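Below, in structure tokens: the form predicted alone, a single chain.
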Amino acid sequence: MSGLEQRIHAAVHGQAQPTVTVLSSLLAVEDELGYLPKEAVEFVANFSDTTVNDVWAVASFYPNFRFVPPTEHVVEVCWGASCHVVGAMAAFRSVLEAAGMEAEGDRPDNRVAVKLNTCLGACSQAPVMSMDHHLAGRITPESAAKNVARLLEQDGHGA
């Protein structure tokens, strides 16, 4: 059994709740790995005595499941009402440029994902961005770009 298979097995079998479902098993694997590889869908199907298609139907229904490994970093820019009115979209464009991307999503080298978020819960600090779950408020396009550049330089790769 590979290391990936061992982690999937441990996640599914380690669920503490009395009722284990396809969804709870998928969530357990996602919590452990950060995504759902093909092997997890197959394992959950065998574990729950159902088909791969049935498990895939559950997994694909929920938009928060990832089917590819997560990126090293996640940058989110709030575009809720408070942030939007004070310039969030200009900051978002600046974040994309600093990340070397043209649109929201994962960068091809898997270093960073850039996303819009409907609310980061810090309206009084608008506009707000999050870098690996750390908030920065009252951002400008310039400060947002610097934040992304710093984030990408942290691990020594550069942008």
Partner chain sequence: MADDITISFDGQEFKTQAGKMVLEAAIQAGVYIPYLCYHPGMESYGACRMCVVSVEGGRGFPASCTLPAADGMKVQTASAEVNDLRKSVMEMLIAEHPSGCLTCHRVDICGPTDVCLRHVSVNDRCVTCPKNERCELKDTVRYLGMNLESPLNYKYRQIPLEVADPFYDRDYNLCIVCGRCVRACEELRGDDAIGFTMRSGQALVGTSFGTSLLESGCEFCGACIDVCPVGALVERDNKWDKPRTVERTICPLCPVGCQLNVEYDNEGKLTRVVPEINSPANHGQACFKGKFGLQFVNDASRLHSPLVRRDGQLTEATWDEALEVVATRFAEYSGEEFAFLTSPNSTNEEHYLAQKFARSAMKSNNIDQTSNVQPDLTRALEQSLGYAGATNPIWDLEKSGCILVFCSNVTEEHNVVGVPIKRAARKNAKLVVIDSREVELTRYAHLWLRPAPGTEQLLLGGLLKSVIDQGLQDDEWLAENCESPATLYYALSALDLEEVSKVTQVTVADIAEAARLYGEAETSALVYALDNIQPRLARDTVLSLVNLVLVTGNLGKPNAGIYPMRSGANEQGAWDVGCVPDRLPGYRRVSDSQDRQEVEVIWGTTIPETPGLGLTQMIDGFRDGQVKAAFIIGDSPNFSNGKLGDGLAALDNLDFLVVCDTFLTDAAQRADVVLPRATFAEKDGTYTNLERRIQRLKPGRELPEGGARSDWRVIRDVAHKMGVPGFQLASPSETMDEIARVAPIYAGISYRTLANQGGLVFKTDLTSPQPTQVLYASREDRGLQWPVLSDGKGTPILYEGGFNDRKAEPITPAFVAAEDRADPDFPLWFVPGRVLLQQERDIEIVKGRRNTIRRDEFVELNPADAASWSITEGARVEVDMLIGRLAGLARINESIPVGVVASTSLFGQLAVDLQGSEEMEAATRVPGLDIRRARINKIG
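Please read all numbers here as calculations on a predicted model, not as lab measurements. Numbering follows the first chain given and starts at 1.
Keep in mind that the form predicted in complex with the partner chain is missing from the display, and what follows is about it.
You can rule out all but one of 124 to 132, 110 to 118, 51 to 59, 89 to 97: in the predicted bound form, only 51 to 59 has residues with a heavy atom within 4.5 Å of the partner chain. In the predicted bound form, E30 stays away from the partner chain, with no heavy atom inside 4.5 Å. Although the partner is absent here, E104 lies well away from the partner chain in the predicted bound form, with no heavy atom inside 4.5 Å. When contacts are judged by a 4.5 Å heavy atom cut-off, P37 counts as touching the partner chain in the predicted bound form. Within 4.5 angstroms of the partner chain in the predicted bound form, the stretch 16 to 49 places a non-hydrogen atom from each of L36, P37, K38, V41, E42, A45, N46, taken in sequence order.
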